[in-house]
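Only one chain is given next, in structure tokens, and it is the form predicted alone.
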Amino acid sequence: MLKAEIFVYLKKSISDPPGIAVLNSLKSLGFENVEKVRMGKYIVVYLNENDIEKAKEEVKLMCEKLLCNPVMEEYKFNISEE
């Protein structure tokens, strides 16, 4: 079994209101060194697959077809043995 950890995040050119809200909240709590916050999604998918290359291709298709909106978001993923 393989585990895919998928990170989906807004493109740098897209405004991130939740990230701005968290930044402001952190600063109000006294964390003055925080310069920028970007929010995103973390998704874990367990695959009944042993071939890492096949798993990479399958996860890429999952991201392109459902998990990521390519107009606004980018993604990256890591695959490891579970």
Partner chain sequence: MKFGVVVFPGSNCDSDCYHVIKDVINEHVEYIWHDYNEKLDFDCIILPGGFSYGDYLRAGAIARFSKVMPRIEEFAQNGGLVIGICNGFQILTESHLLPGALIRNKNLKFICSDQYVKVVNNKTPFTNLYKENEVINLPIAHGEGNYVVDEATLQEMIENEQIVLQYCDKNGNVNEDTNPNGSILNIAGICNKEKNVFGLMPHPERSSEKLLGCEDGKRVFLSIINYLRSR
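Residue numbers count along the first chain shown, from 1. All values derive from a computational prediction rather than experimental measurement.
The form predicted together with its partner chain exists for this protein as well; it is not shown, and the discussion that follows is about that form.
Contact check at 4.5 Å (heavy atoms) against its partner chain in the predicted complex: all three of 41, 65 and 72 pass.
Within this chain, residue 25 is remote from the site of its partner chain in the predicted complex, having no heavy atom within 4.5 Å. If you take 14-39 and check each residue for a heavy atom within 4.5 Å of its partner chain in the predicted complex, you get 14, 15, 17, 18, 21, in sequence order.
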